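Listed next as structure tokens is one chain, alone, in the form predicted on its own.
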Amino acid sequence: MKLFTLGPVEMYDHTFEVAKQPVPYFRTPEFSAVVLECEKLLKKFAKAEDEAKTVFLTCSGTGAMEATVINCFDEKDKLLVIDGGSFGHRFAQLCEIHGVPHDVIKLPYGTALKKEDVYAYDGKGYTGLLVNIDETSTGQLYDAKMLSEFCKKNGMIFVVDAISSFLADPINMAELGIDALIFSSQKSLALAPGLSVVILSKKMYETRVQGKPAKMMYFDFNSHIDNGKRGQTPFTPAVRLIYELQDMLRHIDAEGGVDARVEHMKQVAADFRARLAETKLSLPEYPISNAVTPLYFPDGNAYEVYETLKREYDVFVTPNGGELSKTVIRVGHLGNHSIEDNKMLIELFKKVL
């Protein structure tokens, strides 16, 4: 089986070696040291400020999105949500469920987010902006610098879901003024699903989280941060995944760090896109993340191609749902991929088409 999907992704052999080990008891100084090392390296790779707080959650990325909305916002806020696909829409749904006032910038498929779309809301009293910086359902990579400048100008909290963008695209949390950065284990970290991380800026923690009464027990950020001081979580964490995370972060650090990993992802994605000239498939016109290449199928046979690749070749790409199911497939570049893998997939596309 070969995965060109967007989570889980193609994993590395060294991760499988860690995964084969027994799961140890975790309320120990040894496990605390593992968690603290992971926190240090994650903050380094996110380019976060030293005072940033890290929350380890045993859940998928959606759980981390929901935890951030619950812990950092309430009915007194007025949020702006970039809704350019199913994951941006999920932020809007979470605000609706938890009674947080919000407006959305709705982007139809194929439409790029422009500066004028955002600045139409300039000076209108918004307290925060929520964005999936790579809208995974479409592959669109939004302009983080432009959004950062807008938030700074308006004194807004800046929340970035980087679930598919972390380690795939350049992200500098401190420089961009990101107040909450959200990511998960099953994307560029190339681990199994089940572990998500939220890194909070000093400002976010001190003004939005610290001392705030808990609205729920399991996702209470204050409880997680207090336990995190000793390298623990308030409840049973994804113990094996944290050991796998330590191993992965050490490998990334030894291989040149976050910038080298992002550059590798960029090269693999660029090579795949250059090879599309051999097919009749096309790319969208909006900016796209290094994590994913969305492909347009003019003959409306996208899902049949997906099924054929899966059934006949044991190769998995990522299908789209709904109205895009017949015309769009997404090819993921996250995880253990090479130029040779690109060549193989392009040849299969040509054969199947």
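This one's a predicted model, so the numbers in the text were calculated from it and none came from an experiment. Start at 1 with the first residue shown and count on from there.
Here the subject shifts to the form predicted in complex with a further copy of the same chain, a form of this protein not shown in this document.
Asks: Checking a candidate spot here: are G7, T58 and T62 all in contact with a further copy of the same chain in the predicted complex (at least one heavy atom each within 4.5 Å)?
Replies: Heavy-atom distance to a further copy of the same chain in the predicted complex: all three under 4.5 Å.
Asks: Just to be sure I understand the contacts: of H264, R275, R240, K202, which is the one whose heavy atoms reach within 4.5 angstroms of a further copy of the same chain in the predicted complex?
Replies: It is R240 that has a heavy atom within 4.5 Å of the partner.
Asks: Since only the chain is shown here, I'm wondering whether R230 would be in contact with a further copy of the same chain in the predicted complex (any heavy atom pair within 4.5 Å).
Replies: So R230 does not count as contacting a further copy of the same chain.
Asks: So in the predicted complex, does Q186 come within 4.5 Å of a further copy of the same chain, heavy atom to heavy atom?
Replies: Heavy-atom contact with a further copy of the same chain at 4.5 Å: present for Q186.
Asks: Decide whether Y218 counts as a contact residue for a further copy of the same chain in the predicted complex under a heavy atom distance cut-off of 4.5 Å.
Replies: Y218: yes, in contact with a further copy of the same chain in the predicted complex.
Asks: Verify the contact flag for Y306: yes if a non-hydrogen atom of it lies within 4.5 Å of a non-hydrogen atom of a further copy of the same chain in the predicted complex, no if not.
Replies: Y306: yes, in contact with a further copy of the same chain in the predicted complex.
Asks: Report the stretch among 148-156, 232-240, 279-287, 104-112 that approaches a further copy of the same chain in the predicted complex to within 4.5 Å, counting heavy atoms only.
Replies: Among the listed stretches, the partner-contacting one is 232-240.
Asks: Is any part of 307-330 within 4.5 angstroms of a further copy of the same chain in the predicted complex by a non-hydrogen atom, and which residues would that be?
Replies: In sequence order, K310, F316, T318, P319 come within 4.5 Å of the partner.
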